[in-house]
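Read the single chain below, which is given as structure tokens and is the form predicted on its own.
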Amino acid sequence: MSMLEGFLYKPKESPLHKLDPRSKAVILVFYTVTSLIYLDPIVLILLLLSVVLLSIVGKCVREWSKSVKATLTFALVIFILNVLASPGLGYTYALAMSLRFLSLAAAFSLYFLTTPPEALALSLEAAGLPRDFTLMLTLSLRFVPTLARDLQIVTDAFRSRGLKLDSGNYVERLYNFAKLLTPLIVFEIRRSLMIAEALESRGFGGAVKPSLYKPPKMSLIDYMITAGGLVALGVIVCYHLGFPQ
């Protein structure tokens, strides 16, 4: 639950919130590519520390730290699996894989905490992407935390009726949690039908493409950050590939 809430937008007054989603997307691409091409634990730790500094700038350290703490269990599982599956590569490789997962999760969490889905959809639509794609992306980001809350509601309802989800062996617990799927699926189907009716009543998908009421515009700082991020990304990739030699 806390991990999914770490991807829910939190409106605040901060320099990071004021940036255009496209300039922040360049920063996100930089973190993603750097995390994927490097396996040096020192580099990954530096990336993670830089995300911590950005979360301070974005004034969302509390929300961001909750999502990172929720991913620590998965990072530990990744470490153990890499140690068992690749014993010849040593603990350094397993540590790097765990740090890679943490840095990616931390960067994506910070991006979605400081970027409203509506602004992201408008930016993508202004860039020329189809409205169907932008709507799908916006709804997927918007309703992931909602799905987590619905799951919590269903879980509390079952527990109030005497279902013990935390007792028994692993097979019994898995069977008990499987009972939650049916009401949860029905819950989400009803929600999707409501969304479809709301879109239809607003004329979504009509023959005439609507114009944007307020097209998103990038400021000078956004352009500077975009240019700096692309240059830094090019330098990192060229250095990793060995150019120039």
Partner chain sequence: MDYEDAIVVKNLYFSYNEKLVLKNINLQIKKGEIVTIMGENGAGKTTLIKHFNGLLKPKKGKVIVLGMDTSQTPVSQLARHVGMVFQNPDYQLFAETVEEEIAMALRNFGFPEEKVKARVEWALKVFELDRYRKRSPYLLSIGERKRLSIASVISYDPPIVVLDEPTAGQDFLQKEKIAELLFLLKQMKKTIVMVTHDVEFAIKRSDRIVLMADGEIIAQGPTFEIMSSIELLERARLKPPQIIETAYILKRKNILPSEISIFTPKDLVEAIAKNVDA
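Numbering follows the first chain given and starts at 1. Between two forms, the rigid core is the largest collection of C-alphas that superpose within 1.5 Å. All of these numbers come straight from a predicted model, not from anything done at the bench.
Only in words, not in the display: the form predicted together with its partner chain, which the text now covers.
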For its partner chain, considered in the predicted bound form: do all three of Ser160, Lys164 and Arg191 come within 4.5 Å of it, counting heavy atoms only? yes
With its partner chain left out of view, choose which of Met218, Leu180, Ile37, Val29 has a non-hydrogen atom within 4.5 angstroms of it in the predicted bound form. Leu180
Please check if Leu81 has a heavy atom lying within 4.5 Å of any heavy atom of its partner chain in the predicted bound form. no
Looking in the predicted bound form, any heavy atom of Leu72 within 4.5 Å of its partner chain? no
Is there a heavy atom of Val186 lying 4.5 Å or less from a heavy atom of its partner chain in the predicted bound form? yes
Even though the partner isn't displayed, in the predicted bound form is Leu89 close enough to its partner chain, meaning a heavy atom within 4.5 Å? no
Name the stretch: of 151 to 159, 91 to 99, 107 to 115, 72 to 80, exactly one has residues whose heavy atoms fall within 4.5 Å of its partner chain in the predicted bound form. 151 to 159
Does Ser86 shift between this form and the one not shown by 2 angstroms or more at the C-alpha, the core having been superposed? no
Once both forms sit on the same rigid core, is the C-alpha displacement of Ile153 at or above 2 Å between this form and the one not shown? yes
Would you say Met194 moves between this form and the one not shown, meaning its CA shifts by 2 Å or more once the core is fitted? yes
